[in-house]
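Single chain ahead, by itself, as structure tokens, in the form predicted alone.
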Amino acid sequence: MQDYSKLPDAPRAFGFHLDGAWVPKGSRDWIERTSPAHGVRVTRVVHCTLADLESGVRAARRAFRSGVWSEVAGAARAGVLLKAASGIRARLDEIAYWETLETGKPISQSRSEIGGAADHYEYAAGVARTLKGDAFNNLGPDMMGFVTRQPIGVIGLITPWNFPFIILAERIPYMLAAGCVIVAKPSEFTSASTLIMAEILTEAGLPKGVFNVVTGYGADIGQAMTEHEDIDVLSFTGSIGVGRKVLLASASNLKKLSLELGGKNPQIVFADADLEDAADGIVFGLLFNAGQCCVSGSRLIVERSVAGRLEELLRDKFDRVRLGDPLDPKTQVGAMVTPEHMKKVLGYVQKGIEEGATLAHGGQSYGAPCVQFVQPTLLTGVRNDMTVARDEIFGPILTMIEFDTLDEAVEIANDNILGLAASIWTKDLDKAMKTMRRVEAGRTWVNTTIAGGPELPIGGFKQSGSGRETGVYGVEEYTELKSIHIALGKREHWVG
């Protein structure tokens, strides 16, 4: 029995999951994962072959065409999704443990995410029973019209390393509620929780072939999925650079894409805001998952008259935040995913200083040489044309830009190719509503950040992606609309 408060004695080895069953490693290679916070090997997953991917796609297509899932009643789909939610909660400690070891995020965050993931399955179960189309009784006495929704087909699902389980939960139950079938490829860094989810779904009664997991690298397995002509839809979450490659590769069969890409998300703070609340929210929004979060509020846009006071509050919060061992329940900020990523993040700090920004706090690595922690960092005196203000850093680096008017704040916020999320801090309702309407972001928070649940859709504006996940919209995303005209009575013949 694994002690979830201690490191494992040996790496946990996984097979992969096809057609409702585990497939052993065989002669394939292992991909080993080293815990970014502890420097020890924690998991091994299979480096699948392109033939394994073909087997997964064939299993999914066979399941879809059989109607074993695509044609069953919504109530039956809902029943499986509800059992899956129960299965997640029953194994919460186990999933959170391996999620923390692979990602480096705090165990408290992992536990919260796993619990939140179960909520998505429960919500999607309700949508599965209420999904509907339209009827048109206004086409005259001799015609009725109907619009139905039906599942698109086989979905290729590529998920990232930073939120491997919650991002999975923001997609799988909605795809399944629509009646689709799935071939998933998790990140090679963080595959464990996806493989555990395959087991949970099978035990919940999901028919074989409906959810398949192929593990491996993006360069071979991921690329082949984007090009595959028998995958009808591709859902990809990751960087904007890879997203562009996915878009080009999808031309193989003009497959539909659902893309959630990068974010350079503004936190706009007006002078009338509760600055103590704003400072706490900004620190949380920046340091959640050590800044390795696509909706991280890393671009602080603050009214000039309160910039000095807010900086003091931020530095105090940074000094008191708890970095350390992610298995410690008191830890608030964990590790960078790889040494290479940590080096890249710290390189942005130096780049900001070279471009004229001031290092007001942090900016250094933290901890032993074998693990990857970065101090909470604040750069002030930043201009919106600096690299640190434009690029998605994906680390705990906050850039402060000052403004004088609402129009200027909105102009700075929107002056970026990305538009994933934004937060607005003010006690003036009119100001909040005017700013919210004008900011170009798919998710916008007022006097909070990184909040929400399964009810509302997620997705981005501009180059932050296309399509929407979660909510009713997240199920509709994976359906096709069919228009049906039904003639009534005797036909008036065209040929006399």
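Heads up: residue numbers just count along the shown sequence, starting at 1. Treat the numbers as computed from the prediction; the structure is a model and nothing was measured.
Here the subject shifts to the form predicted together with a small molecule, a form of this protein not shown in this document.
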| query | finding |
| --- | --- |
| Touches the small molecule in the model of the complex: residue 376 (any heavy atom, 4.5 Å) | no |
| Contact flag, residue 392 vs the small molecule in the model of the complex, heavy atom cut 4.5 Å | yes |
| Distance check, residue 288 to the small molecule in the model of the complex, heavy atom within 4.5 Å | no |
| The small molecule contact at residue 146 in the model of the complex, heavy atom, 4.5 Å | no |
| Three-residue site 266, 270 and 302 fully in contact with the small molecule in the model of the complex at 4.5 Å by heavy atom | no |
| Partner-proximal stretch of 97-105, 396-404, 76-84, 239-247 relative to the small molecule in the model of the complex, 4.5 angstroms, heavy atom | 239-247 |
| One residue of 331, 109, 426, 187 in contact with the small molecule, assessed in the model of the complex (non-hydrogen atom, 4.5 angstroms) | 187 |
| Single option in 417, 219, 139, 254 placed near the small molecule in the model of the complex, where near means a heavy atom within 4.5 Å | 219 |
